[in-house]
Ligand code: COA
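Only one chain is shown below, in structure tokens, and it's the form predicted alone.
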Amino acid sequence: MIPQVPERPYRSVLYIPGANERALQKAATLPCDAIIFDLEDAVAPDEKPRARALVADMLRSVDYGNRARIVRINALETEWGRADCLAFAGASIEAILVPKVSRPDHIEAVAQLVADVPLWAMMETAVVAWHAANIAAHPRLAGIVVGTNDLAKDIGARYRPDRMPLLTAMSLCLLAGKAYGRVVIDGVYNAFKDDVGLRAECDQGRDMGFDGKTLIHPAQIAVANEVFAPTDAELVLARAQIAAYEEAERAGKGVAVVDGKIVEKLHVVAAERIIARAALLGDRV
């Protein structure tokens, strides 16, 4: 059975430039659920070998606590990709994030080099939407990040607060990931001082079904953590639905009623998922 709740929370997934030692150290003190140690877009070409060595050293020497550690490598087509894979093949991390994935072969090529680390896919091109299901089905894949900035560039979309031009591709990637039980993370919000806009985009992503949001600045963590966590009202309703359905079953009925609304088994499954998500957070909230 495909799992419906990740094994750990991924509400806030913060990018940290791999060449920035100070930022890499500070990340160990931030309340994000996950860190992406970025060797790709955030690192200049002549800094990439140094960044690779620095991230590897930080992962060995710094205690990042219960934050998930994910390393975004350079694409294998670049001069740095293979060395990135080999450097983290045996690392104690949650995943290697493969950039510019547009077909399953991209995941398979990295899987051949990295035996024991789960893989995540950056899905950020127009073509990836047509191959999303096949990519998500790869047995080594554990997570997906929808790269909305690159996706917008690739299709020539204008920026809109409602992200309407991107919703088809985002939805296809989300559906593919959920169909195979993968963690699926929304793209970044670029205006890191705009909490109102960030909250609106987090709300949209949460409503769609994303597990969390990638972030570019620590100032964005609090909003993402709040929006992607179950609310008190959701938890109260979930417990009421489960209790009412269990009572209906004992009475030999197939449905229950809570607040004037029918509760069936499918609602109970959703309610159990909400409670499971809250349990994952533990003392993080």
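Counting begins at 1, following the sequence as shown. Here the structure is a predicted model, which is why all the values come from computation and not from measurement.
We do not show the form predicted in complex with the named molecule, though everything after this point is about it.
With the partner omitted here, the residue from 14, 263, 19, 271 that has a non-hydrogen atom within 4.5 angstroms of the named molecule in the model of the complex is 14.
The single contact residue among 30, 237, 243, 58, judged by any heavy atom lying within 4.5 Å of the named molecule in the model of the complex, is 30. Annotated contact segment (heavy atom within 4.5 Å of the named molecule in the model of the complex): 211-219, selected among 174-182, 73-81, 211-219, 126-134.
In the model of the complex, residue 42 approaches the named molecule with a heavy atom inside 4.5 Å. Mapping the unseen interface onto this chain, residue 117 falls outside it, with no heavy atom inside 4.5 Å of the named molecule in the model of the complex. By the criterion of a heavy atom within 4.5 Å, residue 188 is counted among the residues contacting the named molecule in the model of the complex.
By the criterion of a heavy atom within 4.5 Å, residue 276 is excluded from the residues contacting the named molecule in the model of the complex. Of all the residues from 20-40, those having a non-hydrogen atom no more than 4.5 Å from the named molecule in the model of the complex are 22, 23, 26, 30, 38.
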